[in-house]
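Quick setup: one chain, the form predicted on its own, written in structure tokens, and binding and motion questions come after.
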């Protein structure tokens, strides 16, 4: 790598660190013995070789000894609590499947949902999968145009949303969505009656029957449609099939270390793939209890939930971790979090400082993992029983073959055997949750594959022990005076300064060097932005990274722009710095509603 990376001493693990025996104890042996066929046999399946996500997540538990186990606990913004057992969840999801049948919705039709973390959204997701239709979640914070784009591309036939969101964001679009046949609204009956062309979700549910014969879906039948935004162009609809549940279940077992008595909290909004794969599906396939909080991020509220709900496994985002760091460890120590045994993070790679802060604040490191909307599930992870190397993505899951590759000028792809060489992260296709296409964009999909590899677009390196280290998106890497500089490395170094809450780094065009590194920094509350602090931060980075890699310029910002899944939007920083078009802003975080 160009410059000196921020190296941290590995965090060794021992049985003293475990509350229960980890599911993955011997990494090499587990990888050697693993097969996807065996992983499929861990689930029930449907008669005749079919497979349905909702059966594996709900009905098989509702028909067995876990029927009265709490499946979902919803915490409303204003304090109300609503609990759903597996048996009750089976009834409600069957009712929704019957609602779709009554409305004439066909198998394979797209059912969109635009709502926050409320019970009806989760019931609709699983009910749609039972029915055999395709579920597509939307961020509740989307404005009208992103909603129109996605529903047009996805040919949305049904929309479930609240009366308030429909009135604010969808009513004006209705004429532009001729394919939308049914808008099912959640809210007071008088609100809904005032909105022409809509149906009352709760009334339809009350009228529906409790029994439904799950559609005999095949493993490769389309189940989920997740939109992901590129730096340019229209949103891409990544298509996932019912067989993805095999990977959701397996990765929940190994990467999140689910055990039968766990209380799990995934803070992600279902509008983001993490909120569906691990906020809905994976914990339910394991029969554990999930806590779901409707409210936006608030550090003390979150610590209160961890304490009061007895959360044992917690899956969150780097943005949330950095915001907690900003508040400080003193707040954490007011709460009894002794039941918490494992913390994981995904979204933007977790800076080494944040990994170590977890140990200071919670008594355990925060375990980063890596995956994409396209992969459908966790691909590389730091595991409970394995040494953590702060700043590393970890090691590949059993059944996942990852490599560093280089693309030649002729387009050919060659695997890099030597350690610590930067290149593109690539995966061997064939895992069950791999996306099966971009909807209506076959050519765009084909370009993701070459010479037997799925090319992720992320640059990384692999060390001699098989740990992978994120460098940056291929289009984020900075080329300065012949050196390739990963922005993540520079951001991580800046975050080690006590004044820095968040940092984003770009390459700024320079007539001599090609590009120079420029940093954008938001400060913790106790610090004021001035020229003295700017000079101090530039010197601090230079000392840690060397003159070649360290930023040459630094601006203070109120907040670093991020997607709602926690990824720093470096291309937006660059567009604003250079006065270029900002492109698709539909996934930009405007608050903390999706953490």
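Nothing here was measured: the structure is a model prediction, and the numbers come from that model. Positions refer to the first chain, counted from 1.
Just so it is clear, the following notes concern the form predicted together with a small molecule, a form of the same protein that is not shown.
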item: In the predicted bound form, segment of 501-509, 95-103, 135-143, 371-379 with a heavy atom within 4.5 Å of the small molecule; value: 371-379
item: The small molecule: the contacting residue among 128, 245, 346, 493 in the predicted bound form [heavy atom, 4.5 Å]; value: 346
item: The single option of 542, 67, 567, 31 touching the small molecule in the predicted bound form, heavy atom within 4.5 Å; value: 567
item: Touches the small molecule in the predicted bound form: residue 473 (any heavy atom, 4.5 Å); value: yes
item: The small molecule contact at residue 393 in the predicted bound form, heavy atom, 4.5 Å; value: yes
item: Heavy atom of residue 221 within 4.5 Å of the small molecule in the predicted bound form; value: no
item: Contact of residue 458 with the small molecule in the predicted bound form (heavy atom, 4.5 Å); value: yes
